[in-house]
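First comes one chain, alone, set out as structure tokens in the form predicted alone.
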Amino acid sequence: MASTSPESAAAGETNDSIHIRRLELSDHERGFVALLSQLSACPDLTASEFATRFAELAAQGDDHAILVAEDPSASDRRILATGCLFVERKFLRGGGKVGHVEDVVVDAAARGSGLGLRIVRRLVEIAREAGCYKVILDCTPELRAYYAKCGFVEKGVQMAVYF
């Protein structure tokens, strides 16, 4: 899950200073958890709690990828956007795999800059490289048009039980 070098930009992306890369342990200090709180309730984690969860997710190898966007030239190197892909291994389709995109959020100050699109496209690319036969995500009705721009089509209905 962790990386020490930025992911290469996908074809057609602007050549700016923003880097898309895998989550690193040091991203706790760069506002990663605070960014997630712009998406949903996300109480702060201590450095120790973050490190424990980071290690658990890293143990899943390539079946769990968290990407972040950062401007390495900025003095605070705050995380500007993030998204997650986890790979579900199935018995269906001859033991196929499905990619699930989750937790996509762009900092309020950076919205409209294309960072979310870059993150989602890179997650889809990772899923394709992993051999997934499809990639799915859940979103609110207000975000349908946005994810359509990312190449997704509406399919089915999502239902949930919360605890």
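Residue positions are given as counts along the sequence shown, with the first one as 1. Keep in mind it's a predicted model, so treat the numbers as computed, not measured.
Keep in mind that the form predicted in complex with a small molecule is missing from the display, and what follows is about it.
- Under a 4.5 angstroms non-hydrogen atom cutoff, the small molecule in the predicted complex lacks I126 among its neighbouring residues.
- Heavy atoms of G99 never reach within 4.5 Å of the small molecule in the predicted complex, leaving it off the interface.
- Although the partner is absent here, A145 lies within 4.5 Å of the small molecule in the predicted complex, judged by heavy atoms.
- For the chain shown alone, C139 is a contact residue for the small molecule in the predicted complex, at least one non-hydrogen atom being within 4.5 angstroms.
- Heavy atoms within 4.5 Å of the small molecule in the predicted complex belong, among the stretches 51-59, 26-34, 100-108, 65-73, to residues of 100-108.
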